[in-house]
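Quick setup: one chain, the form predicted alone, written in structure tokens, and binding and motion questions come after.
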Amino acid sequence: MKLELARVVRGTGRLGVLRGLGRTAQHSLEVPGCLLYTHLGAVPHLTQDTLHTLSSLPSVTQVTLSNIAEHQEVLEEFKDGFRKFAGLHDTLLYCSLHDSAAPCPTGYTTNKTVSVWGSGGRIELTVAKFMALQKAVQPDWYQSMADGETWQNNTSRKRVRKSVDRTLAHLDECLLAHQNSQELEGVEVFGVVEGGDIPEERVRSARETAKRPVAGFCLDGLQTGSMDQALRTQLIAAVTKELPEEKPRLLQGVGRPDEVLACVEVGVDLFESFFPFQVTERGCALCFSFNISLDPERAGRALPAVLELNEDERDTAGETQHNGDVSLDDQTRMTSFEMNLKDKRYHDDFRPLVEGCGCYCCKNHQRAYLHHLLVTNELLAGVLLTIHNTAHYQGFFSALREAVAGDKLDILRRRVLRERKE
């Protein structure tokens, strides 16, 4: 796995292709980009065949041990890995520790174990059990075991320091077990950078992790709700200075478009794509604009083009908090990038969700129909919203790469963050 950079904007924002992915090293992934978010290998609400009606899907599917750990015995008996077990199409697997869209209780980490929370409750993982799970899952790359319980604002410096020490110790144990495992030959390991909100610990964690033979880096503990954007970008900027240029940086727990933009500008390459799932679960549709092309015909041929929102769409979009106190409620609160289709005003609105979007939902259905499905609790609502929100989010990342390539990040930022009540 190696990141080939085509352009670096203002010394930090990176455009390139991550090549050599998978055991055959034949896959690639454009950056900045995102992974495909799943529950147990399935995008929520969609079958594999429905999912693959969407174009330009990420080549890497994310699965989490919080979903998989309770199925360890079944996977070990199956023997052929999670990809075949879940009936996945041609895709690479990235295995992370936690699901960023699900709450994870804190206070259950020790010097030897971390805990994940599945449908049956808490599962305690030692390094040995963690590595046995990786052998059963057979991913293409995985996140090393880490102590990430330092995102709360009141975490002490001593606790943050312990988190960094534990995470490095876990990484060393994982790497040793990995190197001695034939089952994991050709599989890549991502080291985890911790450090809470303390710059010195963040830098120490990044510097020490970079000394290990890892293929890339997971930046943890910076998720939405844990700190404001200014502090997050300051910490990421300090961390990326310590990381080798040719290895990718994956940021966990951040998916809102404004935050993605800010993090790309300070050197983040990859993101999880749980945000469209959260929007769908709220009964909402992504509706923010990201078209930076001046040529409408060209925009129409691109991935779902988003035209200007009209006045009533701006008025019904939620309010995004950009300052003040932050909390985990920010993960579930409606944002200014979506419209609430449960609102009564949509009951006789016969327009598509987003004018100019080329997804199946927008080409075949109206807002009024989605409103009807939602208020009557029809399962089809989740299917159609997931199709649109996934396509819209992928379109945003395509526009993001175009903006980095053309040095138009400022234009894209103004388009994405434009006032809703002009």
Partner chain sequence: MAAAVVACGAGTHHTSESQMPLKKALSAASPLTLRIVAECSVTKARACDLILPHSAVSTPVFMPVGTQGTLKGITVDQLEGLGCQICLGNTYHLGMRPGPDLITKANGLHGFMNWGRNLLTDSGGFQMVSLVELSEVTEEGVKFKSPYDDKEILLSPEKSISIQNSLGSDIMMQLDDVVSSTVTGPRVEEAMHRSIRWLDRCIAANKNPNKQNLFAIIQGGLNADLRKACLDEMTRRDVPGFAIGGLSGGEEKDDFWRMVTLSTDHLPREKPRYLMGVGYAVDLVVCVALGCDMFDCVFPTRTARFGSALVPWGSLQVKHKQYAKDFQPIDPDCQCPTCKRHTRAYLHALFKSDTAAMHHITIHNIAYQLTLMRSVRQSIVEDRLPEFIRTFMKRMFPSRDQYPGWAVDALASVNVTVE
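Being a predicted model, the structure only gives us computed values, none of them experimental. Numbering follows the first chain given and starts at 1.
The form predicted together with the partner chain is left out here; the points below concern that form.
- Although the partner chain is omitted here, in the predicted complex none of 225, 229 and 396 has a heavy atom within 4.5 Å of it.
- For the options 69, 36, 357, 373, the one in contact with the partner chain in the predicted complex, meaning a heavy atom within 4.5 Å, is 373.
- A single residue from the set 87, 213, 186, 105 has any heavy atom within 4.5 angstroms of the partner chain in the predicted complex; that residue is 87.
- Partner contacts here mean any heavy atom within 4.5 Å of the partner chain in the predicted complex, and among 244-252, 77-85, 257-265, 108-116 they occur only in 77-85.
- Within 4.5 Å of some heavy atom of the partner chain in the predicted complex lies at least one heavy atom of residue 383.
- Residue contact with the partner chain in the predicted complex: residue 46 places a heavy atom within 4.5 Å of it.
- Shown alone here, residue 365 lies within 4.5 Å of the partner chain in the predicted complex, counting heavy atoms only.
- Residue contact with the partner chain in the predicted complex: residue 378 places a heavy atom within 4.5 Å of it.
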